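Shown below, as structure tokens, is a lone chain in the form predicted on its own; questions about how it binds or moves come after it.
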């Protein structure tokens, strides 16, 4: 490995969330010191993930199969769809065990400043899924309590109005400006149980 190879690897690691240049250097050094026990398995895992993992065509979760394990699970309550911004939010809710329904990942929130409109998000597929004729009785808006999250919740609510579906959102236990991925399991569970109609 040349110096340029090391620099490139450090720069790539530094692009990961939570890693700056110093942490990236430490991670690369740890990998090099443990080539056989850490670096080689990591390379294989990254290669397998790149080749096999894909988004679920129904909900947007990542899995090696389509539909994903959550959508295939016969124990899930198919009358409930919990709408989330991203995968981190879905994984946080799954970790808490609070939601036993299905999910729908929007892929972000509406943001006029960032030029993100309804066509850039998975809203059309949500509207197609949220059909009472298919047994859907409730859509839970599990969006962050940010301005963009609330704007998105309002937009989705307007689009779902007129259907024979309960539209609910998380209780205010989710702090304003808070993001689901950073909340503890107890807060997520309490917020989901205390949801109310929009």
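Numbering follows the first chain given and starts at 1. Quick caveat, the model's predicted, so the values are computed rather than measured.
Note that the form predicted together with another copy of the chain isn't included here; everything after this is about it.
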(request) Could you confirm whether residue 49 comes within 4.5 Å of another copy of the chain in the model of the complex, counting heavy atoms only? (result) yes
(message) Against another copy of the chain in the model of the complex, would residue 148 count as a contact residue? Criterion: heavy atoms within 4.5 Å.
(response) no
(request) Give a yes or no for residue 63: in the model of the complex, does one of its heavy atoms lie within 4.5 Å of a heavy atom belonging to another copy of the chain? (result) yes
(request) Consider residue 16 of the chain shown here, and say whether it contacts another copy of the chain in the model of the complex, taking contact as heavy atoms within 4.5 Å. (result) yes
(message) To test your reading of this chain, name the stretch in 131 to 139, 25 to 33, 149 to 157, 163 to 171 whose heavy atoms come within 4.5 Å of another copy of the chain in the model of the complex.
(response) 25 to 33
(message) Pick out the residues of 90 to 127 whose heavy atoms come within 4.5 Å of another copy of the chain in the model of the complex.
(response) 91, 94, 95
